[in-house]
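The form predicted on its own is given below as one chain in structure tokens.
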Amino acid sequence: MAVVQGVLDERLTGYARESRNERLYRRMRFIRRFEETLLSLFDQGELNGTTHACIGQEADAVAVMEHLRDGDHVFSNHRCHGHYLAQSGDAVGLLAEIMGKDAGVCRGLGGSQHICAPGFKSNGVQGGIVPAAAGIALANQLSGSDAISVVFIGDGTLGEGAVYETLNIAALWRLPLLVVCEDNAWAQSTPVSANLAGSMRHRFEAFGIPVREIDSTDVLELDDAAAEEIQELRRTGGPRVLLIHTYRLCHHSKNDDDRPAAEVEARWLVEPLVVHGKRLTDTERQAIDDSVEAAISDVVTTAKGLA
């Protein structure tokens, strides 16, 4: 099981000799196929509760997790699977959890949205995880650790008051907190234009917090940006913000999607696997796709066999 659970961890799977481009593609491809398989299992009635996929946003998770260390803590939201897989590689534990099995990472009690694992927490309450992330950042600061907290939020979360209360304290106390805001253009079925006044960037800068804004689905661009922001956070203290303009290719949850079809179709042409996959040869890409498919099959088989 260790090989399956650690399919994203090169030290366990023997992929350490892969190039950077191959490694990043493999990690994104695995998350994509896990999510697609998850939606299929949901349609088959194999899962408990609901589920929110991050299809189209895989590059964000992979880019950030590439630069975290043991002791860093990740906080996520309702769209957490990609973040958790990129951080832990525990695909079997996550799938078993969403299936409601005792072998799941939270013994089947947390489901798709509420994951509690070493170095990782997620919560389905919009903005509710941000104060918790700041709390762990404060604990790290007080203990003299150089560990950081990373919290992922979306554009829809920018309407929550707890976010701004936390930003104020984090800025005042210089907490080692990286806020990754994934603006995927839609808060469930509401476009940003109908949901958000003013500038996203200026909302953070009003507290004197440095913002790195990037409009890209290119994992290499995102990887470089995340590396620089995390390095600067460790060097100077925080907080800092990585504002990523991205796009969710799948529906919000299950099958609810009122977005214009033409808008979604256009985004499929510039999604992370398409953009980064062009850097690999057909042979390299196919070899990775085949090995990921085999790993996903093992994950499903293993999870289904667990109690």
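Quick caveat: nothing in here was measured; it's all calculated off a predicted structure. Residue numbers here begin at 1 and follow the sequence given.
Only in words, not in the display: the form predicted together with a further copy of the same chain, which the text now covers.
- This chain lacks the partner; the member of D146, D215, E228, E165 within 4.5 angstroms of a further copy of the same chain in the predicted bound form by a non-hydrogen atom is E165.
- Checked against a further copy of the same chain in the predicted bound form, the residues L220, V211, A185, A171 give one hit for a heavy atom within 4.5 Å, which is A171.
- At a distance threshold of 4.5 angstroms between non-hydrogen atoms, T236 is out of contact with a further copy of the same chain in the predicted bound form.
- In the predicted bound form, a further copy of the same chain sits within 4.5 Å of a heavy atom belonging to E160.
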